[in-house]
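Okay, so here's just one chain, in structure tokens, the form predicted alone.
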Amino acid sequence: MHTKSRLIPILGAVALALVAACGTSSTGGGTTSGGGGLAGCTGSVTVASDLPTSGGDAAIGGGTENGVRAAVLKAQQEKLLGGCTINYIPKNDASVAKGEHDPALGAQNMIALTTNPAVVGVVGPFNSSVAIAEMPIANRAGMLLLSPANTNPGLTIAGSRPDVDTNSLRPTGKVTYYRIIWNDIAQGADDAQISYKELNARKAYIIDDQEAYGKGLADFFEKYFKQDGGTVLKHVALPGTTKDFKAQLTEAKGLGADLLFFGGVAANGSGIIYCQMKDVGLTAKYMSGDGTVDPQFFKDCAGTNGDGAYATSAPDATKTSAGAGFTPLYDASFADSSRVVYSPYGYDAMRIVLNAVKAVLVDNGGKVPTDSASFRSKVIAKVAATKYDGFVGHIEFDQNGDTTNHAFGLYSSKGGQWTQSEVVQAPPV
């Protein structure tokens, strides 16, 4: 799988532009613009999101939530559901106690949403550790979860992660969870390939933040870096609350590391690690995953000290012909400084949910179903059959709930911003 990956220069990233006009779909009810025969629809439909929008995740989670809000606003403006209105409930899974995403709070949020019979679908969560807490609750309730950002393969692929029991996340045996970004098997392999072949790294020191996402990504990076011919000097797991990494970084320097790989999110130290590398004189290249492509990185490592890091993340949709219209749409309602890589992913995730809702209403003669369990089940079926052309490209789902759009972007840090330099198109796992 790994050796078949190919690197595509960003200006030629045609694979991400397999779309015609953004916002069209063949999911059940035809085109997504206008009411589509729903002018006589009455009442309201409730959708929700669960994302980390405060603390250390405020920028990345908040920017993603704004993408979700933009989709709701657009659907309301064009009367996507005809005469029916859209009620949107935003949930924040970042707790005050942790100062970042919190699986326990995510579970509480999911209980509140699933026990509200009006809610028919949820966009989220953002973090894989939160997904592990939320998925069984949503699955038992027959509630759709559509994540714009989760990458741990164990959420969908049984046996892919020893620390994630995929079957326990689907207690009913049915797939009710979907995601529109590819997983860390491919991301870890791509990170390894870039590190070895493009950054010319040969000796890596790995740190992970002990979370489902960070540990999983670091494990896959280690596996594929070794397969590429690299040497892993040491792999250290530290709690996400760690603020001082100097002992580990000094050790990495002493061992002769020419690459520092961090598996984790910015709220758990991406920027801190990069700045502290310079403090101890560790001149190794820095590579990380999508959890690092976050404005929080520059809050923790400001100025020129933050320049020169590398990380992979979801491809920058705004750099493709498919996503060219997203920036003006987003900026019309929100400050452009709040836009993040995952903003268009939040938008497309919610649009897919709303398209599915529309299709169910059309099938029901333009009326809101009175049975909430049946309504939720039908929405999931429509999402499973999605053929959607959106800002992030063409989206369909496989039998596990994974997207068939297999790509990651390579980003570098400079001037307080993450800029994509190329797209890594990975084959199916």
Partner chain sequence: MAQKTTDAAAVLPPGRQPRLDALRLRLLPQLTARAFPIILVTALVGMFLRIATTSGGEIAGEQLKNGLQIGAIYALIALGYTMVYGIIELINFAHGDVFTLSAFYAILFGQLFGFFGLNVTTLAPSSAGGLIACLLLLFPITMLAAGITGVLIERVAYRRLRQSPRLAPLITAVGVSFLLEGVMFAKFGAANYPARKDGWVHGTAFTAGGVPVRWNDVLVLSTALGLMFALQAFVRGSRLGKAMRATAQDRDAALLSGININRTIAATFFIGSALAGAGALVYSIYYNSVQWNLGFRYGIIAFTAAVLGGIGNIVGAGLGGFLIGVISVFGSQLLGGEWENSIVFAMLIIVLTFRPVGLLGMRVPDRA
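So that the term is clear: the rigid core is the largest set of C-alpha atoms that superpose within 1.5 Å between two forms. Residue numbers count along the first chain shown, from 1. In this text, all values refer to a predicted model and were calculated from it rather than measured experimentally.
Not pictured, yet referred to below: the form predicted in complex with the partner chain.
Only one segment in the set 291-299, 180-188, 355-363, 84-92 has any non-hydrogen atom within 4.5 angstroms of the partner chain in the predicted complex, and it is 291-299. Across the proposed site, Q248, K253 and T304 without exception bring a heavy atom within 4.5 Å of the partner chain in the predicted complex.
Contact annotation for L113: none of its heavy atoms lies within 4.5 Å of the partner chain in the predicted complex. Mapping the unseen interface onto this chain, D163 falls outside it, with no heavy atom inside 4.5 Å of the partner chain in the predicted complex.
Although the partner is absent from this view, K174 stays clear of the partner chain in the predicted complex, with no non-hydrogen atom inside 4.5 angstroms. The partner chain in the predicted complex is approached by G281, whose closest heavy atom lies within 4.5 angstroms of it.
Residue-level contacts in the predicted complex: of V119, L238, V232, A107, one residue has a heavy atom within 4.5 Å of the partner chain, and it is L238.
Proximity to the partner chain in the predicted complex, taken as a non-hydrogen atom within 4.5 angstroms, holds for one residue of Q276, N139, Q193, T320, which is Q276. Once the rigid core is overlaid between this form and the one not shown, V353 does not reach a Cα shift of 2 Å, moving by less than that.
If you fit the rigid core between this form and the one not shown, you'll see the Cα of M143 move by less than 2 angstroms.
The Cα shift for Q296 between this form and the one not shown, taken after rigid core superposition, is 2 angstroms or larger.
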